[in-house]
Ligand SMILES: Nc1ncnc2c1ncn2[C@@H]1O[C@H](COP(=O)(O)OP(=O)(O)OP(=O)(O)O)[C@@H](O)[C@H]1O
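Just the one chain here, the form predicted on its own, laid out as structure tokens.
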């Protein structure tokens, strides 16, 4: 498998993430100011301590010992206060932005749904919402501010050394800052970039695979595939651990090199200060103060050198999140079009392909209107479900027209289209909420009478009443407390409760027995007066209630007389 690479450069990822700060940029500015002043206060403790030593050694220090002690204590107190506010602001920004990011990801998923999400693994999306977003917290809380603090502190220290101590020590400090804070991180970043991306890819893949394994545990056990699946989970886990170990080794190696450079620069400063004192270029007091300042100033710079290990993962996570947020949907919602009040739908000459040179639908034509049931039959994969998705504008038709009451679907407001048209798919998703809450998703202000009526029409009312908690029964994670047939009938009840004038039913009786199928079909037939029902099924028996039936074969559609055939 080829290695996945970041689609954006590190600078582009960082720029995109910083843009998300928005109005929080002022809080970030205050965090940087507090952090810079806080670190300078921390350095003030050692600097004034060194000042006291210099005074004791006979240096020409104007401050009294009392002032030196007072300033040392004051710097310590200020360090604590300023550090607190810096950390508070950094984490306030980070956690606020985590909420913003999750909202943006959800908005992107809603915008891309359902077309673009069909090719995305749910486990990978969950990894993005959890692990990737949490990784970005490191960027906002422990990257942006430290970079700015390091820059501010380094400029301040170099300026103080150059004008108050010695230009030579200032040059040594500057060289050290550039080497440790810029050169080494750039080298480390290149050294670890692919490992960070590889780790995030493997983590996402493992998460998706593990979720699929948990979701399908019943089928795995029933087919006696537990040992094989366990071995696959173990293999992926070992692969993930090996990837993490490779990254950790490189991070550790980079840290060792950084510490070695810090020691080298500090020794260089000691040697330079000694030479300056010996040659009479400065006194011993200033020499000591200069060395102490340089030795104590590498905290923010070392934080920069440690960034590549985190940034390699941050860039991978940031790239994935930004790519999702920026991804264009298969179709854009229509917001300034026309509203509709369904009366009829006409499909004329519609063709569609998921892949080039392979038509799923080829010049399809059909008609349906309020008060009738229209059936569509065909083998699995013939394009029946695709046609329904095009009628909901989940995908963009590639040629031909789909008109509601003589108005092209591309000119109808998306909200109005979804108010008039609803679909019940082959697999109904139920949230881990009560049956009532799962039903009222379709109509939040539904009365109890309306809920009961919809459930009766879907032949699920008696089942719900037989449950100890009735409508308050939890559906369970992924609806696992209910059978496939029960979930499908609750999905059908949702459609009835919504009251849409065009109901698209994709294999609505595939998971129910013949008795319940008969009840559902009778209900559909009895309640078609105020709505149009388009019924998709591979069972010809299901088409007995249809007024007209179309058959899709090899992408082509033709009207057939199924009722006459079954008679």
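Residue numbers count along the first chain shown, from 1. As the structure is a prediction and not an experimental result, all values here were calculated from the model.
The discussion below concerns the form predicted together with the named molecule, not included here.
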Does the 4.5 Å heavy atom contact test between residue 210 and the named molecule in the predicted bound form come out positive? no
May I ask you to check whether residue 381 falls inside a 4.5 Å heavy atom distance of the named molecule in the predicted bound form? yes
Contact flag, residue 426 vs the named molecule in the predicted bound form, heavy atom cut 4.5 Å: yes
Should residue 279 be counted as a contact of the named molecule in the predicted bound form, where contact means heavy atoms within 4.5 Å? no
Counting only non-hydrogen atoms, the one stretch of 287-295, 489-497, 372-380, 327-335 within 4.5 angstroms of the named molecule in the predicted bound form is 372-380
Site check 354, 385 and 507: each within 4.5 Å of the named molecule in the predicted bound form by heavy atom: yes
Interface residue in the predicted bound form among 191, 342, 395, 461, criterion: non-hydrogen atom within 4.5 angstroms of the named molecule: 395
Could you tell me which one of 360, 475, 108, 133 places a heavy atom within 4.5 Å of the named molecule in the predicted bound form? 360
